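Quick setup: the structure tokens below cover two forms of a single protein chain, split into structure 1 and structure 2.
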Structure 1
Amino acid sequence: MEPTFMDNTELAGLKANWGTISESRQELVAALVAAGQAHLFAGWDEPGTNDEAKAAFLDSLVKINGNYPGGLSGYIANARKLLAESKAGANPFEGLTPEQPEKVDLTSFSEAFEQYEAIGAGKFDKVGVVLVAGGLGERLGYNGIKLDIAVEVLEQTSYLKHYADNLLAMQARSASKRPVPFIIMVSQDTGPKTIESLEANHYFGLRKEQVHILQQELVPAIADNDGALALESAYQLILKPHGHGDIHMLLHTSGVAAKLAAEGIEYFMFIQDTNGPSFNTLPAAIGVSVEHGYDFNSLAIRRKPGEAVGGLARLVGEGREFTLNVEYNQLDPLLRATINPEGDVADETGFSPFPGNCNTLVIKVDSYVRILEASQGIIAEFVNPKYSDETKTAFKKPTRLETMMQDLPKLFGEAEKVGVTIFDRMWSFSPNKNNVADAAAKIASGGPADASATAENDFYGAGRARLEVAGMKVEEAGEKMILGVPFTLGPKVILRPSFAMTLAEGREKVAGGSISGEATLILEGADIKLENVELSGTTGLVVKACEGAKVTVKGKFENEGFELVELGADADVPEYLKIRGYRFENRGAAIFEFDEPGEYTVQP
């Protein structure tokens, strides 16, 4: 028997095709029509015309219905509720007053910093790393996945290799030598290319079984306040990303979180695809979580008022308390409405009292698995439609429901403890997300560039900081504007994670010496030691040692080293160079590579 909605003349084509549709698909179509989605099936062609497109459309509906908790009917109902709240201008923080969160300040390399690092390093074989990598590099002007972009161009190390190197270094330092689990959330766009990159590079030395690929699915776009699903064309929905909050659902539904918990993993560290400094913070951040009993530890930076970075705040009121990220465009009105009529302004430190969210998270696994089981990994959604006018009756373009992984504490109860650990910006937060033109515009307006050049700049800066803590005299060279983006000319220092992952390790391996100007130092290997090494001018020194090779480096080196060559905006060069505006050419750096175990001395 045909359902009554078949009397709708716009559905005459659907009626004609009804007998060719399976019973389960008929039930889904009926549910969608009942949910106000008859337009999806209006104007269908008669049987025999576009049958493959109809079947593919129904297949896509079935897939989306199965992927979303509560199915498509649930998605539509959630959309209507959130869109009604958005149109009414509902305050998501109604009844809540912001307070400063519980925080640990590690913006300086203090004794406490190194104590936390020591604690965290002792947990290396109890940590899993979760990488959210659903984005392509189109915004950067890079035709590929962001993970394949070079974090530095002296040796063209990709972000994915850099992360893998850190996992290998963690494994080498743990007593058990246990492989560190590496969970990568990909999208339909990035999944195949991520796997291709891993396979082409033999997983960068990782074991295949320690890498878990979880694919995020897309959700339907919404055309209006009534929750109508948007069509790209007949028989094709517009689909959009649901946000990185899906990682929690995927870790639950895949069983990966529970499996790793059962295998003894105690902490997950969540990182973004192109925030290279993440592993600088890992030892100390784990140590803070252990020492303070944090179930959820948000890594943060000192935030400038008005900066386009969310602020972390404890929100208290009506018997509730959450420590959450408040988006920067919501923070100012919240502060004005509650504790400060001046809004988002600096305190006596010159920074906002609410630290800036890095979106790097440390989560205690046993608490996490318990919460995932209770919630099915479903994180609170939000919607951010762009209205065509002040009446808020139409959208400029279709919107969608979104989730953010940092909203997990919304599911926490009184038993879970949330804290914030603040690091120096260069050490912890240097995302690579803007193309050169956009980066230059941001610099001109007084903001951070967050581009390939600045990410590489901070990569070398972290190396300089490690040398300075170790006791080497470091004199920084001047800054140069390259296509409108600032770049520090040197020293360019790369201390691979195999050489040092904590400040204490650097101090054990570096004795005296100095580095200045545009000099370059690259060290890779666990048993390299520097004794009063001096590098100045443009001198370059590269030392690499395999496992079992013990290398002592001494003396003053002088050579032409690596020269920075500026590239024009229209230069015909590979994309990884074009997106930063320069390259380095080796003019005679001293390079020493030791591929056999043994004891070696390197001198000029």
Structure 2
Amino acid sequence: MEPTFMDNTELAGLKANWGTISESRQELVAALVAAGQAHLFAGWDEPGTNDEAKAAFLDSLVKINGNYPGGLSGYIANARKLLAESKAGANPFEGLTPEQPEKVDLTSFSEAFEQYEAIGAGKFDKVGVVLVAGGLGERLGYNGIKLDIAVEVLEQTSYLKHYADNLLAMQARSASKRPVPFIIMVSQDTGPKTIESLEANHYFGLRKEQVHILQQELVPAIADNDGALALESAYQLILKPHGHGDIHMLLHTSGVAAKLAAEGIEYFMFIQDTNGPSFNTLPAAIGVSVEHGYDFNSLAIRRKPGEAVGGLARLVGEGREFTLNVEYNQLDPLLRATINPEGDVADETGFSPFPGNCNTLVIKVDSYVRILEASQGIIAEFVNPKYSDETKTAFKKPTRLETMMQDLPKLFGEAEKVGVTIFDRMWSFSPNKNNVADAAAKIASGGPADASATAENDFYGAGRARLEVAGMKVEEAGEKMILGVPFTLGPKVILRPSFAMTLAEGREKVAGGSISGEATLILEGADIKLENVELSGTTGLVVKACEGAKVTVKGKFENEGFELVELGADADVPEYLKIRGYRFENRGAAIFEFDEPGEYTVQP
């Protein structure tokens, strides 16, 4: 029997095709019509015309229905509710007053910093790393996945390899040697190349089983306030990205979060695709979460007022309180409407009282799993339609529901504790998001470039900082503008995670010595010690030691090292170089590699 809705003359084509549609697909069509989506099936061709397109359309509906907890009907219901709120102009911060969040300030390498690091390092086998890498990276415009870009070009280490190296270093340091779970969220755009990169590089030394790839899917676009799904053409929906908050849904629907919780994983650290310094902060951030009992720990930087990065605030209203990221364009009006008519201005520290969100998050797994179960992983969706006019009855173009991973605390109650840990910017937050031209424009207008060159600069900067803490004399060179973006000429210091993951480890392995402004030092391996090593002028020294190779490095080195060669905007070079405008050429650096266990001394 055909359902009565097909008496609608617009659905005559659907009626004629009904007998060719499987029962489960018929049920989905009926559910969609009941949810106000009859237009999706209006004007169907007679059987025999466009049958493949009809079948593909129904297949796509089945797939999309299965991707979203609550199915398409749930998605449409959520859309209607959010669109009604948006139309009514509901203020999400109504009745809430911003206050400073609970903060732990780790912007300097204090004793407390090292205590937190020690606690965090003791938890390395209880941590899983979650990498969200489904974004298109349109601002960077790189022709490939962002994870394949080199974070530094002395040795062309890709972001993905750098992250994997850190996981290997964590597990090498834990008593149990348990593989650190690595969850990577990809999208249709980034999935195939991410897997290709992992496979071509033998998972960078990780075990395949420790890597969990979760693919986020697109969601249907919405054409109007009634939640009508938008068609690209007959038999084809318009689909759009749902945002990085999908990671929560996928960790829930895949069962990975619950499984890892059952296996004893206590914390997840969420990182982005191109934030090289994330692992500098991991030990101390985990330590802070443990010590302060944080269910959700947002890593942050000191934020300049007005800077285009979300501000973390505690929002307090009658009987409720949340610590949340407030988007920078919402923060200023919120402050003006509540506590400060001047808006987002500096306090006595010279920075905004609301620290800048790095979107590096440490989440306690047991509370996380509880919240995922209660919400089915649908975290604080929002909608941001561009209306045609002030009547808010039509959109300029179809919209969709979106979700952001940092919004998880919107679901928290009194039982959950949220805190913010503030780190030095170079140490914690240097994403590679912008192409060179945009980066130069950002620098010109006083903002951070967040580009390949600045990300590499900060990579070396963190290495310098570790050497200084260890007691080495580090002379910093000046900056050079390359294609309008500043780059500190050195010293270029790479201390691989195998060498040091905490400040204490650096101190144990480096005694005295000095490094000049244009020198280069690369150390890789757990058992390398530096005793009063001096690198003068442009000297380059590279020491790599395999497991079981104990290497003591002493004395004063002098050579031509690595030279920075500027490339110019139109140079015919691979894209990873083009996006920074320079490369390094080896003019005679001293390179020592030890592939066999044993005891060695390196001297000039």
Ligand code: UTP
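Basically, rigid core = biggest C-alpha set you can superpose within 1.5 Å across the two forms. Because the structure is a prediction, the values reported are computed rather than measured. Along the sequence of structure 1, residues get numbers from 1 upward.
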{"query": "Structure number of the form predicted together with this ligand", "finding": "2"}
{"query": "Threshold 2 Å Cα movement between the two structures at Gly548, rigid core reference", "finding": "no"}
{"query": "Displaced residue check between the two structures: Phe41, CA, 2 Å or over, core reference", "finding": "yes"}
{"query": "Threshold 2 Å Cα movement between the two structures at Ala16, rigid core reference", "finding": "yes"}
{"query": "Shift in Å of the Asp224 Cα between the two structures [rigid core superposition]", "finding": "4.3"}
{"query": "Core-aligned Cα shift of Gln236 between the two structures, given in Å", "finding": "2.5"}
